[in-house]
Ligand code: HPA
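Before any questions on binding or motion, here is one chain by itself as structure tokens, the form predicted on its own.
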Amino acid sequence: MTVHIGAKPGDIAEVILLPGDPYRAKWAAETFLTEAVCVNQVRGMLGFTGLWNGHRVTIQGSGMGMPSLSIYANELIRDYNAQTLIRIGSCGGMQDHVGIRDVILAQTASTISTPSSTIFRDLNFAPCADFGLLVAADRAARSLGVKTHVGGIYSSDTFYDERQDLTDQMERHGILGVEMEAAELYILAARYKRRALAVLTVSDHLKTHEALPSEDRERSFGDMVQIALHAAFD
């Protein structure tokens, strides 16, 4: 048990899926896992452990933003020995060829700042995904027939961002999408020698202003969860 996770020793699997929304964690556990048991309810941040194709998996909500993600990832790694951490979440598309419902596999995660920024001082550390997970996720997406894009994303600490100049430069330099957690996850994975990946569903688009209808979200997010599970045990 930690400050933010009430699970007992042995309750948490070595493979963790991290949706930001705790109710998405509940939905994913009920949909994709068998024998799923709720192992955390502290502060309403639900976590479940169950089986997928005979493999133990924990799906733990991580909250919104890098400070929240950092708390849960740190405790899962340091206190529960998590080895593989895969963020599953939504993102905003930033390139014309990236469409609504597409899945982005984040090879790198650029950011202005993270909770770990003060550690690096003047160094612009480049957070990146585990290559083995990235390749396995790409292979899984192809076998499932899901349209995917592999490349860089932007992890923002601001949801209502008014920096159009920054957005323009990211589009210019090929950033595929924007979300709020992956960069810190990748940094922590590098620090503790763990595997990490972000598998993201494009739910809205910064350029076209399209948005995924609420009735379609569950099916599209299901693709993302399947990709993450296949990648973790490839």
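Source: prediction; values computed, not measured. The first residue of the shown sequence is 1; numbering continues from there.
Not on display, but discussed next: the form predicted together with hypoxanthine.
Asker: With the cut-off set at 4.5 Å between non-hydrogen atoms, does M180 touch hypoxanthine in the predicted bound form?
Answerer: Yes, contact at 4.5 Å.
Asker: Going by a heavy atom distance of 4.5 Å, is C91 a contact of hypoxanthine in the predicted bound form?
Answerer: Residue-level check for C91: yes, a contact with hypoxanthine.
Asker: Please check if S203 has a heavy atom lying within 4.5 Å of any heavy atom of hypoxanthine in the predicted bound form.
Answerer: Yes, contact at 4.5 Å.
Asker: Examine T108 and determine whether its closest non-hydrogen atom to hypoxanthine in the predicted bound form is within 4.5 angstroms.
Answerer: T108: no contact with hypoxanthine in the predicted bound form.
Asker: Quick one: from S143, S113, N81, T158, grab the residue that has a heavy atom within 4.5 Å of hypoxanthine in the predicted bound form.
Answerer: Residue within 4.5 Å of the partner: T158.
Asker: Within 4.5 angstroms, counting heavy atoms, which one of the listed stretches 204-212, 186-194, 28-36, 167-175 is next to hypoxanthine in the predicted bound form?
Answerer: Residues of 204-212 come within 4.5 Å of the partner.
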